[in-house]
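In the block that follows, a single chain appears as structure tokens, in the form predicted alone.
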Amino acid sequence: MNHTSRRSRATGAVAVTAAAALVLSACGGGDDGGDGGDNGDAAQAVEGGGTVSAYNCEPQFLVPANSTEVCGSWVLGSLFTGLTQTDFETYEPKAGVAESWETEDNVTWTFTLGEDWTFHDGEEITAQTFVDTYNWVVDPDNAQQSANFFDNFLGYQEVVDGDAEEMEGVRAVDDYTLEIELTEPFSPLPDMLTYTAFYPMPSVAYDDIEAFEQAPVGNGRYQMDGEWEHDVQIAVNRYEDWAGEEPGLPERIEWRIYSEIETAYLDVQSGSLDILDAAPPNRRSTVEADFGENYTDFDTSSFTYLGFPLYQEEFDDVDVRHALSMAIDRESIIDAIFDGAQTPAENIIPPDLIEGNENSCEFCQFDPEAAADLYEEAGGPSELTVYFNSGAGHEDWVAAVANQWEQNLGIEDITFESLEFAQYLGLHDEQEITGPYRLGWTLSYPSAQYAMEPIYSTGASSNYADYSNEEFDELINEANAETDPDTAAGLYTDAEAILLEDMPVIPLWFTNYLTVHSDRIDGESLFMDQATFTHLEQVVVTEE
């Protein structure tokens, strides 16, 4: 997904070893941060799997390639299955509709599709299904928000420019063989294809896309039960003919749509709602008293940072950027504002990915004396304006950062600009930001490439800092083209080191999510992935 603003939980993406990446680490239920609790016998699910209800906010859209926020994408993830899926034990791609894939050059990819996949209305899924879907998504007339995810497909630009009706690089070789040709080598393609934008769509969608959106017909583990009840709920039932290997456990999922997260918290407490996956931060101090063992704390890849508008002269000097970072005591802010419930970020690549490398940021260490000396020698500005989006709970911690800058660097005057998110992004687009700014980033798919390239590559659409480093760009391109995963990982890590030295953004923290649940749910079955989606399809319901 991308830059995050949002509800109490952010939106569409997160080093250790692959083995250590088993899950986004979770602790809860009164544990001391260990393995999440008792390793005794697994809880017994009710016959048929039962019904689970979960908090959600009102989705913006329910057309896959038009959904760029969590509320809609969470639902779509149960309704659709892409060519590939993510193996959350390894964070590597695994079979979806495609049983296997191969490439010799990371440019031309051949996918062999399974022959048993159908949409919920019975329509067969073939290679042509994907050809039709992908061409529909990139057609400018259809105005899909995620169309630019296809920008490295051969022929994408010709379709966008109106010079072609279909992309040359997407071809149905036969019913079950799909060929994708790219404009340049790109090894993370199987990871990227797990993203919502690449889900297949049935022919009925093209007849009336607005009607389709009210009751999407997918090919996923669950199918719609009736239409989307706006501001009320979205209900789905398990699709018994799903062709994948791990069908959903609950028989039915109900996303209950709330406008007030506090109301959802109280409903879980009373047992009228089963799961709230992002409890309000102010409830942390009482969660054990409120829920006993029924809570879990998930580390995630949701990354919060302060960026610099490098098109402003006063932030040209890297020493100014280093000093501002070294003057922030992340731990004290996390303790004071978030009750200790964020993970300080000393890296760009989330620590859950194989390329992640904790404690790799020299200038993320709190050192107020050195910061003050550096700031004075570099002639850092005596006045600053700090920007953030309003309505998302950023006021207190932004003020805390400003206080530390005033205290530790002697900055005389710091003011704030707070805007609605759409207006805020508009200022970025026009390069009218004049001081440090808050943004976040969540991995749409688990890849070090996605943690860096869209935000820091020269000219990238989300590169609001206007950062440019030729060596960084070359390393990203080399890593994308590399066929050996270990070599690619090393190149991504080298690219991250450049970012941490150049510091176009100050890493602050990775967000922890506090999930509470009712007595009907086996807490050991809860799991939140890198995109902050709780996997309701694997929840064990223990009571009717």
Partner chain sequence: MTRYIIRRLLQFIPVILIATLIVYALVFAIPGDPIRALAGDRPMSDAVRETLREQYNLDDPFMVQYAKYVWGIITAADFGTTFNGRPVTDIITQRLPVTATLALVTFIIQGVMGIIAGILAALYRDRFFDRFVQVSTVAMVALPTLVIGFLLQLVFGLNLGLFPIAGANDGIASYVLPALTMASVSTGILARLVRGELLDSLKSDYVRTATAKGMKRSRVIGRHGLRNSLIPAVTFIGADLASMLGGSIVVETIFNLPGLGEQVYRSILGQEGTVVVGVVTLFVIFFVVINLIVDLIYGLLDPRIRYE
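Here the structure is a predicted model, which is why all the values come from computation and not from measurement. Numbering follows the first chain given and starts at 1.
The protein also exists as the form predicted in complex with the partner chain; that form is not presented, and the subsequent description refers to it.
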Exercise for review: Just one of 373-381, 418-426, 394-402, 347-355 has residues with a heavy atom within 4.5 Å of the partner chain in the model of the complex, so point it out.
Suggested key: 418-426
Check your understanding: Do Val318 and the partner chain share at least one heavy atom pair within 4.5 Å in the model of the complex?
Key -> no
Check your understanding: Hey, in the model of the complex, does Glu262 get a heavy atom within 4.5 angstroms of the partner chain?
Key -> yes
Point to revise | Distance check, Gly50 to the partner chain in the model of the complex, heavy atom within 4.5 Å | key: no
Practice item. Using a 4.5 Å heavy atom cut-off, state whether Gln145 contacts the partner chain in the model of the complex. Key: yes
Exercise for review: Only one of Ala215, Val232, Ala164, Ile209 comes within 4.5 Å of the partner chain in the model of the complex by heavy atoms, so just point that one out.
Suggested key: Val232
Check your understanding: With the partner chain left out of view, which of Glu501, Asp519, Glu478, Glu58 would have a heavy atom within 4.5 Å of it in the model of the complex?
Key -> Glu58
Review point. Honest question, do Glu181, Phe338 and Tyr456 all end up within 4.5 Å of the partner chain in the model of the complex by heavy atom distance?
Key: no
**Study point:** Members of 441-458 lying within 4.5 angstroms of the partner chain, judged by heavy atom, in the model of the complex
**Key:** Trp441, Tyr450
